[in-house]
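Only one chain comes next, encoded as structure tokens, the form predicted alone.
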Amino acid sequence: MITINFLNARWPSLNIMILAAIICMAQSADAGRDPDPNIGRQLYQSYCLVCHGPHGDTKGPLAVKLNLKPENLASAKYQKKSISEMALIIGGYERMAGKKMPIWRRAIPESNIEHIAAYIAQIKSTDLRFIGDPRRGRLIFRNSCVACHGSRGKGTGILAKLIGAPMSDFSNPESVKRYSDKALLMIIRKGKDKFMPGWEGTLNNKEIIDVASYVRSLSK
């Protein structure tokens, strides 16, 4: 948040120039940000899921309601496209023949369109970072895991200290790399060694995937 306390009522044109410069700097900073599929997923769920479905390959509820035939974004046709090519389609610079595709550049910033395009490029991925929701996983982690693993996943939780349980440091990339996605999910589901309990039955399958996705994000 930028607080402007130096504007001079005697020089309104100067004030306008200062404000314009600040806005331009803010826009430039956002424009320079690399497309992020994790941000794109949230945007996709807000704007695209209603037509293209949760995985891009089925009819969403609006498409069913209006009897639309949305493109299969998980098909080879679209998975072969680059992020920039997909962004042009989403933005409406390139039209889908015969399709009632909204021109999204009229409604959302170009940077958000690029984030969505980056997510679509990963929509068939089996990587935990993309099939899980780390935001929901963070809430589950805070409610169920911090007693042992600590609030930042460093393995310094109060319960772990009390019972003398050795814990992995999830913030250390080397510590997390030891486990494949499949192994990490299995540990959360079934438990491991003496102290790690299995959460299957307490958490549903989607919650387990989400919390595993969050654990992966801690080592960034």
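Quantities reported herein were computed from a predicted structural model and do not represent experimental measurements. The numbering used is simple: start at 1 and walk along the sequence shown.
Beyond what is shown, the protein has a form predicted in complex with ligand HEC; the following relates to that form.
Item to check | 4.5 Å heavy atom contact, residue 149 and ligand HEC in the predicted bound form | outcome: Although ligand HEC is absent here, residue 149 would touch it in the predicted bound form, with heavy atoms inside 4.5 Å.
Next on the checklist: Given that ligand HEC is not shown alongside this chain, does residue 187 nevertheless sit within 4.5 Å of it in the predicted bound form, heavy atom to heavy atom?
Outcome noted: Yes.
Next on the checklist: So in the predicted bound form, is ligand HEC close enough to residue 69 to count as touching (4.5 Å, heavy atoms)?
Outcome noted: Within the cut-off, so yes.
Checklist entry - Can you check whether residue 209 is within 4.5 Å of ligand HEC in the predicted bound form, heavy atom basis? => result Residue-level check for residue 209: no, no contact with ligand HEC.
Checklist entry - Which listed residue (65, 182, 161, 192) meets the criterion of a heavy atom within 4.5 Å of ligand HEC in the predicted bound form? => result None of the other options qualify; the answer is 192.
Item to check | Neighbours of ligand HEC in the predicted bound form among 200-219 [non-hydrogen atom within 4.5 angstroms] | outcome: Read in sequence order, the residues that approach ligand HEC (within 4.5 Å, in the predicted bound form) are 203, 211, 215.
Next on the checklist: I want to verify one pair: residue 182 and residue 41. Are their C-alpha atoms nearer or more distant in the predicted bound form compared with the form I supplied, knowing the change is 3 Å or more?
Outcome noted: Relative to the shown form, the pair is closer.
Checklist entry - Knowing the Cα distance between residue 43 and residue 138 changes 3 Å or more in the predicted bound form, does it shrink or grow relative to here? => result Farther apart, which means the C-alphas of residue 43 and residue 138 are at least 3 Å more distant in the predicted bound form.
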